[in-house]
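Take a look at this single chain, the form predicted alone, given in structure tokens.
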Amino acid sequence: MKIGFLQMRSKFGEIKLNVKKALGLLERVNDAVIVLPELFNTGYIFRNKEELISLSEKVPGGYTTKQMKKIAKKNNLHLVFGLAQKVSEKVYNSAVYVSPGGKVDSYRKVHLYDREKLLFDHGRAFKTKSIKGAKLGFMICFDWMFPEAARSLALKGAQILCHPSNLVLPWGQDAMKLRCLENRVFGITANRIGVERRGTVRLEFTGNSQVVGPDGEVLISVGDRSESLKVVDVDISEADDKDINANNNVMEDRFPSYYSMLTRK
């Protein structure tokens, strides 16, 4: 199976421009699972809730999802991309999944980062999606900080962690290597590059998008400057082997009854 990422710059508020750029890059690949960055179509630094609402979209009826469905069908792609999802009076930082056959689903970010907590409503569940030949698990950016997120997805059977991101902290990519190793799954982190400035707020995105294997090894990656679409062929069955050695298995060796404190506030 081919899996990969699209790393790109986004121009704040220019939804059609950002989507057009993504579609142009996606034209280069067929028959693959591709992850795009978090909030790739809008940019990240919203001044206030009103601005966020004005740039949010319904799923599946919004412009971005409709356009992504077209390229998914044309090029036989399974796409995971980030946008601001409007649901009634709420707005979520979501990862949207579209299939070649037009199926649409979404995961709403659980762990909101910094000012996101002032703007977005937070999601309440981790989600997986079965596709032909694999099971995807969805997480977004700052979810990497919480090992419970990746472990929950692995326990749900996820073989590939799809991780749209706008990473600005320096540790996310390395942490995802560990998330993959400790769960023996693949991970696709699609990050932004460039600088975004809005008023007094400035963020520099760290790029370094990557695909990581179940042993924590980086299978493909790029630097922090180039817009890139990268794909690698993987054997998904490797994510079903949870053995560390003849006597240890990352799932069977757990003691869930000892971990009850993890669910306490």
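Residue positions are given as counts along the sequence shown, with the first one as 1. This structure is a prediction, so every number in the text was calculated from the model and none was measured.
Form predicted in complex with another copy of the chain: not shown, discussed below.
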- request: Look at the stretches 132-140, 172-180, 86-94, 68-76 and give the one with heavy atoms within 4.5 Å of another copy of the chain in the model of the complex.
  value: 172-180
- prompt: Does at least one non-hydrogen atom of residue 250 fall within 4.5 angstroms of another copy of the chain in the model of the complex?
  reply: yes
- prompt: For residue 104, is any heavy atom within 4.5 Å of another copy of the chain in the model of the complex, or not?
  reply: no
message: Would you classify residue 23 as touching another copy of the chain in the model of the complex, given a 4.5 Å non-hydrogen atom cut-off?
response: no
message: Since only the chain is shown here, I'm wondering whether residue 127 would be in contact with another copy of the chain in the model of the complex (any heavy atom pair within 4.5 Å).
response: no
field: Candidate spot 113, 151 and 258, all three touching another copy of the chain in the model of the complex (heavy atom, 4.5 Å)
entry: yes
task: At a 4.5 angstroms cut-off on non-hydrogen atoms, which residues of 143-160 are near another copy of the chain in the model of the complex? List them in order.
output: 144, 145, 146, 147, 148, 151, 152, 155, 156
